[in-house]
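Laid out below as C-alpha cells are two forms of one and the same protein chain, each shown alone and named structure 1 and structure 2.
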Structure 1
C-alpha cells in the first residue's frame, strides 16, 4: 500500500513506539525513504520527545507556530486524502 503524507503523520507516534504492524511499518519506511517532509516530521517528533524528557525550557521564535501551520496547511491542501 502506498501511503501519502497524511497517513504517515497519523502513524508517526506508533512508528516511533515500534507498535505498527510490520507491513504498515514497511509502508511507512518506504514513504519516508523518498519524502523529505515526512522525514523532517519524524526527526522533529523524535527531537520533541527528547526535549520533553529534558527539563530545559526553550523559547521559540514569535512566528514559529504560524509558519508551522502554514507549511502543514500547504501540504494538506496539495495532496489527496487517500493513498494513491
Structure 2
C-alpha cells in the first residue's frame, strides 16, 4: 500500500514503539526513505521522546528524598503495616 504523509504521521508513535505490523512497517519505511518531511517529523518526535525520559527535565525538589525518609522514620518507628 502506498501511504501519504498523513498516513505516516498517524503511525509515527506506533512506529517508534515498534508496535506496527511488519507489512505496515515496511510501507512506512518505504515512504520515509523518500520523504524528507516525514523523516524530519520522525526524527524530531523521537528526539523529544528521548529528551522527555531524561531525569533532568523534571528534577525532584531539592532534599525531597531526605524529607521523605525522615518522615518514614517517624512512621516506621511507631506503626506496623495494617493487618490484611
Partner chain sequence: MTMPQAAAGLQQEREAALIAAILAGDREKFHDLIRPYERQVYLTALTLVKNETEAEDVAQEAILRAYRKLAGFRGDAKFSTWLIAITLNEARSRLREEKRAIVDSLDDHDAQEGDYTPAALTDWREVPSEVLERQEIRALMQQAVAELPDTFRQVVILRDMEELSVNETAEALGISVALVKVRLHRARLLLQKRLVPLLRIGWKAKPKSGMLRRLPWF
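No experiment lies behind these values; they were computed from the predicted model shown. Numbering follows the first chain given and starts at 1. C-alpha atoms forming the largest set that superposes within 1.5 Å between two forms make up the rigid core.
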Report task. Quick one: identify the form predicted together with the partner chain, either 1 or 2. Result -> 2
Query raised in the report: Do you see a C-alpha shift of 2 Å or more at residue 63 between the two structures, with the core held fixed?
Result: yes
Query raised in the report: What angle, to the whole degree, separates the smaller rigid part's two positions between the two structures once the larger part is lined up on its C-alpha atoms?
Result: 151
